[in-house]
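Coming up are structure 1 and structure 2: the same protein chain in two forms, each one given alone as structure tokens.
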Structure 1
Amino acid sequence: MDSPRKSIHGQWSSRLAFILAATGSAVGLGNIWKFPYIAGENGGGAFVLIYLVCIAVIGIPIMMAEVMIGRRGRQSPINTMRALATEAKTSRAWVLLGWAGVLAGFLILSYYSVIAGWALAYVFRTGSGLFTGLTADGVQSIFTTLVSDPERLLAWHTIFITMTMVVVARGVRGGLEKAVKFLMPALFVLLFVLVGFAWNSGSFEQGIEFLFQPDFSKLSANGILIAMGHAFFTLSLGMGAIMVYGSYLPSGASIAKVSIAVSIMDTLVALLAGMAIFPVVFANGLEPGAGPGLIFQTLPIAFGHMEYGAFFGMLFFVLLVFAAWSSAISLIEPAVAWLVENRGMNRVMASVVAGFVTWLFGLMTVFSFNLWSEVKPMSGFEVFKDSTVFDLLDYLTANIMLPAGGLLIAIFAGWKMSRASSVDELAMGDRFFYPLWRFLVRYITPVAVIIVFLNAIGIF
């Protein structure tokens, strides 16, 4: 028996369309910008291993739970949680999970958009041949000049938020579904080209070793939390983005299959990005722990020394912008869907309102790279002693809000929803896979998230 509800926002045209949209959401700055720099900061191999384990054991089951809840409720995450909590005859407080997701979406998009703005700026910088023949120092100073100029960052941030609002306002199906179909494969091809360049950079082995040889002495408890948080971030889990996309999924599609497909593609993109970047880092004597500027300080060196590098460089940053764009719309969609459902707004109005709120929040990140670069609000704590406002926003959302949201989603799907509802929605048969999933979301995922939390604050 299918859920009787219908989405007022429409549906994806097919299962493939959902896979593309969800992959569009998952693959983004998290894979290409964030994964390499946090892997670099946390010592490489051991971090990568924990991240992969988290994707498999925590990420995939929670993605299935989120898609399932979304498709069952067929509304914005807030209203879906209300409807399903009523259906399960449990506390109405579950609605708060929807609200927390909307808040996380605003906060994440607020900084995501600023970083996407860097990528936009780099489309022009690479395209004009600015990096041709430059040394690592030259490339670095171009990056520093960009981020230390608040007006420039603000302008790019504004452009990116506007781009996001335009797509969200038009509905997801028309523009994005089509664009992603072409862009994702192009991104893959280009990443392979870059890995090919890295192969010839002279330090390929060193790069691969850094990425894949686990040395647990380099990994702190906080590093484990960051790896787990990143598993949530990169798969877009824990805040309702995948839930709202699930609410547009046609009834017959297999939730397990689509979730696994999305997770595999997402992981491949991250690993390819790492394989493209670290050899270049080592070949040029750069620091793998350089922080958020890592790809902006390394890849241009590769492009600057490659034949037709200006062209390939431009293409790469264009694709990065598209990857970020297709993620950004999913960050804001839960809020927009709610504004349409509950405030009677049309999509255009709802997008403008949500976009403006995000834009305002974004100012914090814009300034934290320049005017506020010395502001360290939590410097009293050892782990946060060097953290800027941007670092803290990123930490709070990715490492605390998303895993906590994911934990609650697992508890809701595993303990609150009736077995009959999840059996019915997942349609995996009753033999092996369904019991495995149920065991994972009921026991393994919640316990793992809690242990990692406790471990990070030094209790476990």
Structure 2
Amino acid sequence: MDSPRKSIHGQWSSRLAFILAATGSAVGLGNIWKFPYIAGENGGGAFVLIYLVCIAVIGIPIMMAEVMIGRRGRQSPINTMRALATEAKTSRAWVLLGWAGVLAGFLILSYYSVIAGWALAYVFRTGSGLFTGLTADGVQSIFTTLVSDPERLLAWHTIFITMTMVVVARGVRGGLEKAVKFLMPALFVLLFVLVGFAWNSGSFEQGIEFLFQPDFSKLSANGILIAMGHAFFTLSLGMGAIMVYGSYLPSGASIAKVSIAVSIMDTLVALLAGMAIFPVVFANGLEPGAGPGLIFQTLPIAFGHMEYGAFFGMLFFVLLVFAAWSSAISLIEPAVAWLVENRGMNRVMASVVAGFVTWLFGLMTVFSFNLWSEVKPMSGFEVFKDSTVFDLLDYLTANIMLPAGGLLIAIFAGWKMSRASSVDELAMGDRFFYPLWRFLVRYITPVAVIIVFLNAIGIF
């Protein structure tokens, strides 16, 4: 029997709307630069194969669990965990999982907005032809000038937060759904256009080989750990976003099918991004292993030396903005939902309050690159001696809060929720697929997430 709870925020109009929204949440800057880079450096096609196995064993079971918990509770993550802990007759301390998810999303958006602001700035810098013909030093100078100016960073951070809250304030169907129905198809169109541009770069085959050619000699034990970690992080698990999106999912939609669809689309974006980026990089004799600098320092050099590079470079940074925007609206939604449910605010006021607090916290990241660049809050610890406030926020959320959230979601769904409740929500039958999911989420997935956590904090 379906849960009698109903969301006061409304629900997605269809299964497709949820898939687009959850894919938008999952797709971000990591898909555009990190996945192609780590795949190429760890055996190409061999790494992609291991990654897909990890998605199946880690990513999809936890996503199903998080969506299931969200739909069962039909509220913000905090109130959902409170209600489901009561339903399961277990400790009320499980509400802390909801709080941790909301806090993680809030902290991530506070610095994610600043980085997204860089992408916004580069849309105009690239489109105006600013990078045309520049050397590496020239491009480096433009980037340094941007991040060292707190007023510029503050302006772009403010614009991006405002863009995000305008969407969230309009509600589930009027804001979130309308936005993702535009942003996600537009993102795929931009990706295919950029792949077409890369096709004509003269180095398309070299880029494809870097990304897909299996080289098992490069696939070390550490490469497998990297695949496990990325399979978990890429789907935006453990931060409340998927849980709150699940609370808006119609009762008749198959949680297993939508989770698989989101995983496939998220991986497709990452692979298409690699197909668009690396041929351009190789065509200009640049270093494909540039990490975060690939986006804001290496690629502008490439676009600056190619025919129509200004136009296609601008499209690339528009793509980045769209990816960041679709993620941002999911990161703040859990906090907005809680304010509406618990503080009697309407949606607009809740969005303004959540947006302002996020913007305020974002100042720490803005200043980390300039005024506070020499401030090292935990310099007394060897591992953090050179870490700025931004570095610490990134470490805390990515390496501790998200793995812990994912682990607790798996434990709650597999061990605390009754079998009847999970059978009811997942509606997979009770012969093969449900027992397989339950086995994975109870035994295999938690162990895998613990390994990811230990690797992320440097124990492995």
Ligand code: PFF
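Please read all numbers here as calculations on a predicted model, not as lab measurements. When a residue number appears, read it as a position in the sequence of structure 1, where counting begins at 1. Rigid core here is just the name for the largest C-alpha set that superposes within 1.5 Å across the two forms.
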For this session: Would you check which of the pair is the form predicted on its own?
Result: 2
Exercise. Superposing on the rigid core, is the CA of V123 displaced by 2 Å or more between the two structures?
Worked result: no
Exercise. After a core superposition, would you say E209 shifts its C-alpha by at least 2 Å between the two structures?
Worked result: yes
Exercise. 2 Å or more on the CA of A17 between the two structures, with the rigid core superposed, yes or no?
Worked result: no
For this session: Give me the C-alpha shift of M228 between the two structures, core superposed, in Å.
Result: 5.2
